[in-house]
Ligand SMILES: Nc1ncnc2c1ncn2[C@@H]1O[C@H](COP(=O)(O)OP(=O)(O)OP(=O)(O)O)[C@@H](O)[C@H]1O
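Here you get one chain, nothing else, as structure tokens; it is the form predicted alone.
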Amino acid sequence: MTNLDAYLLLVLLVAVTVGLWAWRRWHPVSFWYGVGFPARVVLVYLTWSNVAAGCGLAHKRRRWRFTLDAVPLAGAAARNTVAVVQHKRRMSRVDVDKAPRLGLPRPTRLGWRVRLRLSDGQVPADYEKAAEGIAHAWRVHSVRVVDVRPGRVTLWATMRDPLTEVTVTPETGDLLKVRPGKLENGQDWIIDFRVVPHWLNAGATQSGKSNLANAIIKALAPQPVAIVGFDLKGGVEFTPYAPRLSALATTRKECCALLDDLVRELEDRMALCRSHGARNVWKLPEPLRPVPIIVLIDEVAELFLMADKSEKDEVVRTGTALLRVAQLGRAFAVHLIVCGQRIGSDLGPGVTALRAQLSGRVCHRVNDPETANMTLGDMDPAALDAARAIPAETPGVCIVAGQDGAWYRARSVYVSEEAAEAAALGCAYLTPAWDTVIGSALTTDPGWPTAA
């Protein structure tokens, strides 16, 4: 090779390197599908046998192999020499590691999915335990077990954490839909109250619980809905949003009265649907359809705490009314968002019964295992472990369960108190008076999408 050829080769390598760098820098999605993903597929297939063996997923199988066996020498040779064996190659059946069969990886925007066939005696929990080791072996951010089917599991590998920076708009433009943040699969986190009517939002101080409430309020403010607040902190949390609230209760006595109003409104809506032969308010003619009500409850534990026995009747009455709202609310467009730092069975059977009605769950970082267990423990043990692993330096990161039956890591977009207050004040003209809400059937704006 002449000096000119070497020079041209060097220039070509530099040009290719710069071109790949520019491609990855300016068009990362196409670079991933065109270069990054094929390279990862090759790596996965070449290393899967070793990775499976190292993570304890390989099983022993008897296979025919050439072996080098030691055969004892006989006769004078054995007596006159130090070595008493010689090695011979022969065909024999030996135990070898057999990795589970790997399917064809399918690319996603943030990684890939690959389906595996379980070996005899394996269960999906074996792969959940090995997920961290597989992630390190594949040099990816995380590996999760999803889409479990009889005899098969799907591994979902994520190259990077999409929750490092979340920039979305909470408003969706659809009635009773909000977009509070992003899911770990890169998709928008959508809360649809028509699909999952009630939500439980648990988290410690500075975990992002209040920020999620801000995002929901900002998204609901321009919608034709009535927002009701229960703020047992004396009103310090929800009073700034009062221009957009149809009612606000700040003491237990006010909460009892407001819950009684909600129960009576549910009974009125029930009677309205019965008189028109409708199963829910969305089956009513649009002129008769009442306005949806969103109930925001902050520090739900305060509703169930008792200083002495004299408060027992009030607590029971409050818990019963709240449970009735949760049980009947979905069909009659009354939806709950229950927030709290401490949610435990020690607060009484009313909390456990209420938890069962809140099918949507959001668990931020919590200070005690009991709250995480109450929020997610009846769903998936893996979700509970993920919630306990949320670090304190990542406010807004949470575990979400409810929309499609699966659980995801998610992060709410940062919405400052000033932004939420501005949205509430700017949409104050949409706030229906509470006496009007519980006294007549308001209609939704004809410009909003109607239910199927």
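These numbers were taken from a predicted model, which means no experiment stands behind them. Quick note: we count residues from 1 along the sequence shown, nothing fancier.
Although not depicted, the form predicted in complex with the ligand is the subject of the following passage.
Of the listed positions (290, 111, 208, 170), a single one reaches within 4.5 angstroms of the ligand by any non-hydrogen atom in the predicted complex, namely 208. A single residue from the set 233, 93, 98, 160 has any heavy atom within 4.5 angstroms of the ligand in the predicted complex; that residue is 233. This chain is displayed without the ligand, yet in the predicted complex the stretch 406-414 from 406-414, 28-36, 51-59, 379-387 comes within 4.5 Å of it by heavy atoms. In the predicted complex, the ligand lies within 4.5 Å of some heavy atom of residue 237.
Using a 4.5 angstroms limit between non-hydrogen atoms, residue 250 is distant from the ligand in the predicted complex. For residue 341, a non-hydrogen atom is located within 4.5 Å of the ligand in the predicted complex, even though that partner is not displayed.
In the predicted complex, at least one heavy atom of residue 204 sits within 4.5 Å of the ligand. Shown here without the ligand, the chain has no residue in 155-188 lying with a heavy atom within 4.5 Å of that partner in the predicted complex.
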